[in-house]
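A single chain, nothing else alongside it, follows as C-alpha cells in the form predicted alone.
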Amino acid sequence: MDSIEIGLVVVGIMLFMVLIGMRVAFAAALAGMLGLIWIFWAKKGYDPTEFIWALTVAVKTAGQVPHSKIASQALSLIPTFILIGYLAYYAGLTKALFEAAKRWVGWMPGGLAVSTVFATAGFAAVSGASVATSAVFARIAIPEMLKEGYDKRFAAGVVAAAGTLASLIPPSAILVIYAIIVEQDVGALLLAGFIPGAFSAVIYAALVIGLAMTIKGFGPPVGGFTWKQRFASLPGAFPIFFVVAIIIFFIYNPFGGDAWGTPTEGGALGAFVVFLMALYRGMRWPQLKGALLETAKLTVMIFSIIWGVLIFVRFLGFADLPGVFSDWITGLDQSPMLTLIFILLAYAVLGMFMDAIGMLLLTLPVVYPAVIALNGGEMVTAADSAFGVSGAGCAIWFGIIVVKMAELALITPPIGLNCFVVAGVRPDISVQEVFRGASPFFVADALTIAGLIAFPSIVLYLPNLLLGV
C-alpha cells in the first residue's frame, strides 16, 4: 500500500470508531497513532526488526503535537470567552436581557420565542460557548414560554437552536479554533461573525413569527408594557454592550493607530469586568466556584478534542491526503459553486454523527485548501475568483459559512449537543422532543447559509471596513 491508500484505510477506521460511539478525541488520536506507525513501518518495507523504530518515531511525532499547538497564544482566548459567559449568568445579565427583549418585542406573534432568540443573540456576544448559552436560557426562557401556553417541544427547540448563535457571534471559541487551524487572523474572523450572527438571529425570529401567524395558538403575544417600562429595562442590558466594546476595541482600535492590546488581553479584561459586575450583583463563592468549574470542564473537553484530532491531522499530512483531495476537487468538471454546495451538504451529513469542533478539526486540513484552490488560490482578486471574493476574503468567508454549518451539528440528531443540554436542564422534556422542536430551524439555517453564499459582503463588510481585508 502507498501512503494515500494507507490514509484512506485509516480514515475509514476512524469514522467507524466514531460511528460505534467512541469519543472523537480518542478515535482521532488512536487512528492517528495507528496511521503514523503504519506509514513509518511501510517506509521500511514492513521489516519486523524495524517495527520498534516505526513505533518510536510515531510516538515522538504524536507527542510533539499537544505542547506545540496548545501553547498557541490564540487558544488562551477560549477559557476567557467561556468564563465570560458563565460569569455573565451569575451577574444576572441573562435575566436582564430576556426581560428587556420581552418588553420590546413580546407584542409580536410568538413574542416570547422571538424574545428568546434576540436575548440569546445578545448573550452570545459575551459567551463563547453554545452549550453554556443553551443551558442558561433553558432555565430562564422555557418556564416563561410554558406559562404562556407554548408547546413544550417548540419552547425547548427555540432555546436549543438560538443557543447555536454563540458559535457565530463573537466572542466565539469555535471561530478561534478555525482561525488556528487555517492560520488566519483571529481578530478578522471575530469581526466577520457579528453581521452574519445578527442576520441569522433575524432569520430565526422571522421563522418564529411566520409559524405563529399561520398556526393558531402557536405563540401568543405578550403585551401590556408601557414605554416607560420598556426604557426602564434597558440599563440592565447595557453591560453587555460595554463588554462587547472592550473586546472589539482590543481587536481593533477605532480611533486609529495600533490596537490597544491582543484579542487574548481583550478577552481577559472582558472576563474581569464581568467578574466585577457579578460581585456587585451579589455573586458569592459557591457561584464563582461553579463558574470556574464549568469553565474548566468545557475548556478541558475542547482542548482534549484538539489534542486528539491534531495527532490525526499530523498523520494526514504524512499521508498527503489534503493535497490529493485538493487536486481532485479542483479537477472536477463542474461549477466551483456546485462543488462548494456538495461540500456543505457533506458537512450537514457529517454533523449528524460528530460534534461541531471535532468535525471542523478533522475536515478543515483537507477541505480548506481545496476551497481556496476552487476560488482561484490565495492571491486571486475578487474580480478573477470563482466565488466573487479575494483569496484573503475567501478564507474568512468560508470560515463563517462552515461555522454556520457546524451550528447545525449542535441541533442535528442523533449527536446534537445543544438538544441534550436542554433536555438535561429540563428533565420533563425528552431529548427526542427537543430535536422535534428544533427541526423547523433547519429551514432558517438553510436560508441563512444561502444568503451568506449569495452575498459575501454580509460576512466581509466589517473586516473590509476596519481591517482592509
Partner chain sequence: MSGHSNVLEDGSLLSRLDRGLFKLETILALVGGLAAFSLMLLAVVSVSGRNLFNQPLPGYIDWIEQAMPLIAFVGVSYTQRLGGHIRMDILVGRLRGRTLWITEFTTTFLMLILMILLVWGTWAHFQRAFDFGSPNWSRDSSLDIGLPLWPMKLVVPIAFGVLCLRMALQLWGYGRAIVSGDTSPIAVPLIEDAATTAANEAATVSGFDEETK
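Just so we're clear, the structure is a prediction, and the values are computed from it rather than from any experiment. Numbering follows the first chain given and starts at 1. Between two forms, the rigid core is the largest collection of C-alphas that superpose within 1.5 Å.
This next part talks about the form predicted together with its partner chain, which is not shown.
If you check in the model of the complex, do V158, F242 and V243 all have a non-hydrogen atom within 4.5 Å of its partner chain? No, because V158, F242 and V243 lack any heavy atom that approaches its partner chain to within 4.5 Å in the model of the complex.
Heavy atom within 4.5 Å of its partner chain in the model of the complex: which of A370, A386, V380, I140 fits that? Just give me the one. It is I140 that has a heavy atom within 4.5 Å of the partner.
Name the single residue among P336, G92, G376, P109 that comes within 4.5 Å of its partner chain in the model of the complex, judging by heavy atoms. Answer to the contact question: G92.
Its partner chain contact at G282 in the model of the complex, heavy atom, 4.5 Å: G282: contacts its partner chain in the model of the complex.
Are any of the heavy atoms in I305 no more than 4.5 Å from a heavy atom of its partner chain in the model of the complex? Contact check for I305: yes, within 4.5 Å of its partner chain in the model of the complex.
According to a 4.5 angstroms non-hydrogen atom cut-off, is I20 in contact with its partner chain in the model of the complex? Yes - in the model of the complex, heavy atoms of I20 and its partner chain come within 4.5 Å of each other.
Would you please decide whether T80 lies within 4.5 angstroms of its partner chain in the model of the complex, comparing each non-hydrogen atom pair? Result yes; T80 sits at the interface with its partner chain in the model of the complex.
Looking at 337 to 345, 218 to 226, 109 to 117, 132 to 140, which stretch has residues with any non-hydrogen atom within 4.5 Å of its partner chain in the model of the complex? After filtering at 4.5 Å, what remains is 132 to 140.
Quick one: which residues from 352 to 382 get a non-hydrogen atom within 4.5 Å of its partner chain in the model of the complex? Contacting residues: F353, M354, D355, G358.
With both forms fit on the core, is the shift of the CA atom of G128 between this form and the one not shown 2 Å or larger? Indeed, G128 is displaced by 2 Å or more.
For a quick test of reading the superposition: does G351 move by 2 Å or more at the CA between this form and the one not shown, rigid core aligned? G351: C-alpha displaced by 2 Å or more between this form and the one not shown.
At a 2 Å cut-off on C-alpha positions, does R139 qualify as shifted between this form and the one not shown after fitting the rigid core? Passes the 2 Å threshold, so yes.
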